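Have a look below at one chain only, the form predicted on its own, in structure tokens format.
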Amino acid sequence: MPIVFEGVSYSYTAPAKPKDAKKPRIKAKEASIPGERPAWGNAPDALWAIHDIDFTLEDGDFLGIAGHTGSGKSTLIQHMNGLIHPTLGRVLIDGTDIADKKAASRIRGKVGLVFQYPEHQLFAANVYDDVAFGPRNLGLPPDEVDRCVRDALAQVSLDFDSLRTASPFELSGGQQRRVAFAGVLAMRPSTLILDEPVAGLDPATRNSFLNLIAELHRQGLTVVLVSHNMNDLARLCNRVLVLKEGQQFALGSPQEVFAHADELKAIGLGVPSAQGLANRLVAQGVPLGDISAALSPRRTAANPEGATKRLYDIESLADELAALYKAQPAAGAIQPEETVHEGQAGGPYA
């Protein structure tokens, strides 16, 4: 079920849903202001929150979305299940324009959106009713709702029998977030969109949630992950979309995107920590293999941008540094032609 963005722009100050989709109230040529780029932001005098977004989320993707605070990430993902509609352009899900209310209602259960701090949206008196809310709204029969709740709680590693009657507000913070996840998974989406899903969690719980998300992707879910953590995006995602002031800044594999450290730094973003360390080592003359091509680009027909062929993580960087160390002669080592005999000046008995 691909999600296609075709020239999507959204304004908080202009009508977001024209009465006649064929005759938008704001025309593209009227939407721009003089200067280098359109006005951006959600202030009263700004026009676009996002502007001219073009990309396709393919089935099976694990897409990371990065950008400085206020770059339009949350606005973008709310278009993915029809919570908001483009002012200009259109969003197609499985080939259908979801500006149509009937079409949007048909697909909404297939695209699950988990907001930041989802436990703040818990509301029911017990875990069962909270997780069952979505399936019931989809009109599923009681026995099917029950199966959805059981399956969803199992997916997030929560025990159905011990928690079904428990108040979600009496659970630990980590359990509350898992219940909130289960409420989305109970609708059996094919695409899961996560807005900073591990914000505010302690390191152990955070790592547990990231492993859960990775497992859901392995089970077949298409995943969109909004995050400020470049390490997470590099480790988990097969593609990364970077936004700058509401516009697409970069889209590609983690290797392609994070090869451009200087450009990312200029817009307030970093690169994964291992990659950043590798960049600094190369700048100091350490001959790390492929990364040298990124810092001193060698453009070829096969590699026109001179980008790195790999993205370093902690393990791969450690392995390469260890190999470089082993390849160097030990400091002060005695070479064969410099053999020193016992008792000779400088020898072991001197």
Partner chain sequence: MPEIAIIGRYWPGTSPLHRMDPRAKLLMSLAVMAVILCAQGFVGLGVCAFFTFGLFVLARIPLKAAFKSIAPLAFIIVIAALLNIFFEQGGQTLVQWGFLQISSKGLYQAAFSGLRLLLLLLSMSLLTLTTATLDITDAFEHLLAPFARIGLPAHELSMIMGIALKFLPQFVFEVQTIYRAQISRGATFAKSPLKGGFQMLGSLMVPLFTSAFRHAETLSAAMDARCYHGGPGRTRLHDLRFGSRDRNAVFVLSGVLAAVIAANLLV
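No experiment lies behind these values; they were computed from the predicted model shown. Numbering follows the first chain given and starts at 1.
Omitted from view is the form predicted in complex with the partner chain, to which the following refers.
A.B. asks: If you check in the predicted complex, do N81, I84 and R108 all have a non-hydrogen atom within 4.5 Å of the partner chain?
C.D. replies: Result yes, every residue of the spot touches the partner chain.
A.B. asks: Looking at M187, V223, A234, L158 here, can you tell me which has any non-hydrogen atom within 4.5 angstroms of the partner chain in the predicted complex?
C.D. replies: Flagged contact: M187.
A.B. asks: Please pick, from N137, Q219, S162, N211, the one residue with any non-hydrogen atom lying within 4.5 angstroms of the partner chain in the predicted complex.
C.D. replies: Result of the distance check: N137.
A.B. asks: Using 4.5 Å between non-hydrogen atoms, is G183 touching the partner chain in the predicted complex?
C.D. replies: Because a heavy atom of G183 falls inside 4.5 Å of the partner chain in the predicted complex, the answer is yes.
A.B. asks: Consider F133 of the chain shown here, and say whether it contacts the partner chain in the predicted complex, taking contact as heavy atoms within 4.5 Å.
C.D. replies: Yes, F133 lies within 4.5 Å of the partner chain in the predicted complex.
A.B. asks: Within a 4.5 Å heavy atom cut-off, is K102 in contact with the partner chain in the predicted complex?
C.D. replies: Although the partner chain is absent here, K102 would stay clear of it in the predicted complex, with no heavy atoms inside 4.5 Å.
A.B. asks: Is N238 close to the partner chain in the predicted complex, meaning a heavy atom pair under 4.5 Å apart or at it?
C.D. replies: It does not: once the partner chain is placed as it appears in the predicted complex, N238 has no heavy atom within 4.5 Å of it.
A.B. asks: Picking from 150-158, 121-129, 253-261, 89-97, which part of the chain touches the partner chain in the predicted complex when contact means heavy atoms within 4.5 Å?
C.D. replies: Result for this chain: 121-129.
A.B. asks: Which residues in 86-116 have a heavy atom within 4.5 Å of the partner chain in the predicted complex?
C.D. replies: Counting only heavy atoms within 4.5 Å of the partner chain in the predicted complex, the contacting residues of 86-116 are R108, L113, F115.
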